[in-house]
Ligand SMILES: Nc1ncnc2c1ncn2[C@@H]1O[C@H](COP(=O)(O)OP(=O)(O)OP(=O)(O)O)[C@@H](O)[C@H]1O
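Quick setup: one chain, the form predicted alone, written in structure tokens, and binding and motion questions come after.
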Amino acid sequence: MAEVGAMLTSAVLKMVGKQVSSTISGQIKLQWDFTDDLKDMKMTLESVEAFLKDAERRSVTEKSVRLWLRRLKNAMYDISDTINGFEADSTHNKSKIFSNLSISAKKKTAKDMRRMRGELKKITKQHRDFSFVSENSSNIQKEDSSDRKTSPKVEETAIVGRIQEKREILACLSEKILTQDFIILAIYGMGGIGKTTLAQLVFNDKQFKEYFPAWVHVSQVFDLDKIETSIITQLSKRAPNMIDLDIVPPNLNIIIVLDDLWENDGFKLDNLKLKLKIGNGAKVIILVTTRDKSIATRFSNVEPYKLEPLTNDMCWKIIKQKSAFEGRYDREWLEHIGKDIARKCGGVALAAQSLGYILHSKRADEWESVRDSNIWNESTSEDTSSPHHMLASLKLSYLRMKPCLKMCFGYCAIFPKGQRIVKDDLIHQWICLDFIETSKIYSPKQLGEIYVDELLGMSFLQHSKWGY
């Protein structure tokens, strides 16, 4: 759990930052002026917070960054514990006439404050050694999106599975297009499961041979103007006079894929819908891929399609394909090992592909090492050949979480893999640990329910077969 622990740092920092701010505003309750110490800490926390997104991103592959994040996180916990301690002392001694804190307690707290200020400054100064870039830097945005840019091209014969899913979506679209001129169908599921591949299969089907096609990789950086420009540019290849989506040739059939949609702002999604709703007798089909069930539900105007994991046999078939298994002389010996590995892929196509590439030309004992590796229990590895690409896809979803949701999900790491968790008990634990944010609208219990739904929607939690 090294990576999860490191990536919790930003969530912990936000929580402690709020605690420090609250304590500053409530100094009169303490009857002891630590304002300068607390304000100095608050400024230090604010300065380092801007670089944490880059640090968490790099923590996947850089051990030194993970160690730095762990030290920073531990310092946050020390600050929180100290504040809780002297606030508790203040409350306990509030009946005393002269001072809420004893002289010895004051001296101890002052000493702890100085120690923590020094430790915090020493840790935060080290961030310069890593040359982190700020959260708003375009460098981060480019790196997050450029290596994941997708296209409509697909080699259908090389795809394992998804035939039934393709048929179901095509049948749905064929039925809906008879009565609707504008269809938005979202495909949702966890990262790496094959949403883009399924969209490619549908997009390239002969059923849409006469449709004007456009494929847009939306990514995390939502830009409505760029999306519109990309669509117009692609459609104008068949309709040269098209310069605006509001002015299209009559009775046009259009199919558009919006791949990898992350934006969950309802106002922005509604504006995108308006842009895409082309009139003039046009029939428009929009396919969307997203990891988030709530985005799929909000943006679709037909029932969204949940993509389920591949079977173990399908994962094994992918591994065999990518590892050139059939050409091996020792394939009979390796088959049971390979099937064990396939079962550990969790039905994620990207995991099977990555493992297949790793196992290519490897000896039998190396196959056994992969099967028995700690990679199945840890989210990163020192070995750069490990399939961290499959985990990076989930990491992107994690980094988009609100800090409070990160804390709640990180807490789930205390449960053994596959353990059934009672939802109400989990929410109660979150509340007791103060992981639930405050709200003027919802109670902590209601917010806990919302958190569980969000984690389920992003595939970080799964419904138990026995209910949850």
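One-based numbering along the sequence shown. Nothing here was measured: the structure is a model prediction, and the numbers come from that model.
FYI, the form predicted together with the named molecule isn't displayed, but the following is about it.
With a 4.5 Å cutoff on heavy atoms, Met242 does not count as touching the named molecule in the predicted complex; it lies far away. Residue contact check for Lys320: none of its heavy atoms lie within 4.5 Å of the named molecule in the predicted complex. Contact annotation: Ser300 falls outside 4.5 Å of the named molecule in the predicted complex, judged by heavy atom distances.
Proximity of Arg371 to the named molecule in the predicted complex falls outside the 4.5 Å heavy atom cutoff. Checking Ala349, Val288, Ile79, Ile341 for any heavy atom within 4.5 Å of the named molecule in the predicted complex turns up a single hit: Ala349.
Screening Ile358, Ile169, Val216, Leu310 for any heavy atom within 4.5 Å of the named molecule in the predicted complex leaves a single hit, Leu310.
Only one segment in the set 249-257, 323-331, 195-203, 263-271 has any non-hydrogen atom within 4.5 angstroms of the named molecule in the predicted complex, and it is 195-203. Contact residues in stretch 162-178 (any heavy atom within 4.5 Å of the named molecule, taken in the predicted complex) are limited to Arg162.
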